[in-house]
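Given next, in structure tokens, is a single chain: the form predicted on its own.
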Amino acid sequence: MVIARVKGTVVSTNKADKIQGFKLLVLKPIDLDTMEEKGTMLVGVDTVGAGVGEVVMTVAGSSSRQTEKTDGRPVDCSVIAIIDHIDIEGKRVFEKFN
């Protein structure tokens, strides 16, 4: 699983039938040691109603096809949770509602 921030959306008028109706999100991974965005952006299928700016949990590969919404669909990254807060070693390092 990877924690990431939603940076934007992808709009595609023409796409495979099995992903019709899915919202596609542009995601930027977050380094949990520094809580800074890092690495290459990627696109994930939204299964939880996430929006731009939110911090989310993602899964990739075969795990991304193990949600009720993505089962049997051609996806390689799914957003599976919207993060409310993150605590590491007893310290709150992220809070959604500051």
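Fair warning: this is a prediction, and the values are worked out from it, not measured in the lab. When you see a residue number, it is the position in the sequence shown, counting from 1.
If you look for the form predicted together with another copy of the chain, you will not find it shown, but the lines that follow are about it.
S.K.: Does any part of Glu36 reach within 4.5 Å of another copy of the chain in the predicted bound form? Heavy atoms only, please.
M.R.: Flag for Glu36 set to no.
S.K.: Flag Gly21 as yes or no: does it have a non-hydrogen atom within 4.5 angstroms of any non-hydrogen atom of another copy of the chain in the predicted bound form?
M.R.: Gly21 lies outside the contact set for another copy of the chain.
S.K.: Residue by residue through 14-44, which ones have a non-hydrogen atom no more than 4.5 angstroms from another copy of the chain in the predicted bound form?
M.R.: Asn14, Lys15, Ala16, Lys18, Ile19, Leu24, Val26, Lys28, Leu32, Asp33, Gly39, Met41, Leu42, Val43, Gly44 sit within 4.5 Å of the partner.
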